[in-house]
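Below, in structure tokens: the form predicted on its own, a single chain.
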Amino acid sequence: MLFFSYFKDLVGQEVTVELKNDLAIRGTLHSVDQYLNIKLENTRVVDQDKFPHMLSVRNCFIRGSVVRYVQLPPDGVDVDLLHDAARREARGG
């Protein structure tokens, strides 16, 4: 649940989601659930030449099981908060 609570804090920020089929989509994080399903708004495809059929998509829902990476904005990462949360979870509390 560590990542779920962390992603909830990033709602409203721009992220890039890379899928297992090599499609990378950049957009504003609208919502995320406990299965790490992601809803993006104002989306655009990173490699438009490779995926021209995705140019008209503006909002999308991404199933968590197809996500390879989520690239976060550099200013959106609070490293100290992540370290503390990881330590608490490792201790079981």
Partner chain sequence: MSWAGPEDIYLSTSLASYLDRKILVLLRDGRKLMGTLRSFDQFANAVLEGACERVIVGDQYCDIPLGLYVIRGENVVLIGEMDTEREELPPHMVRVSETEIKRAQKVEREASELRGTMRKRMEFLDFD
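Positions refer to the first chain, counted from 1. Everything numeric here is computed off the predicted structure, so don't read it as measured data.
There is another form of this protein, the form predicted in complex with the partner chain, and it is not shown here; the text below is about that form.
Student: Contact with the partner chain in the model of the complex for Ser31, defined as at least one heavy atom pair within 4.5 Å: yes or no?
Tutor: Looking in the model of the complex, residue contacts with the partner chain include Ser31, since a heavy atom lies within 4.5 Å.
Student: Does any heavy atom of Arg26 come within 4.5 Å of a heavy atom of the partner chain in the model of the complex?
Tutor: It does not: once the partner chain is placed as it appears in the model of the complex, Arg26 has no heavy atom within 4.5 Å of it.
Student: Can any non-hydrogen atom of Arg44 be found within 4.5 angstroms of the partner chain in the model of the complex?
Tutor: Although the partner chain is absent here, Arg44 would stay clear of it in the model of the complex, with no heavy atoms inside 4.5 Å.
Student: Although the partner isn't part of this model, could you tell me whether Gln13 comes within 4.5 Å of the partner chain in the model of the complex, counting any heavy atom of the residue?
Tutor: Outside the cut-off, so no.
Student: Quick one: name the residues from 53-87 with any non-hydrogen atom within 4.5 angstroms of the partner chain in the model of the complex.
Tutor: Residues within 4.5 Å: His53, Met54, Leu55, Ser56, Val57, Arg58, Asn59, Cys60, Phe61, Ile62, Arg63, Val66.
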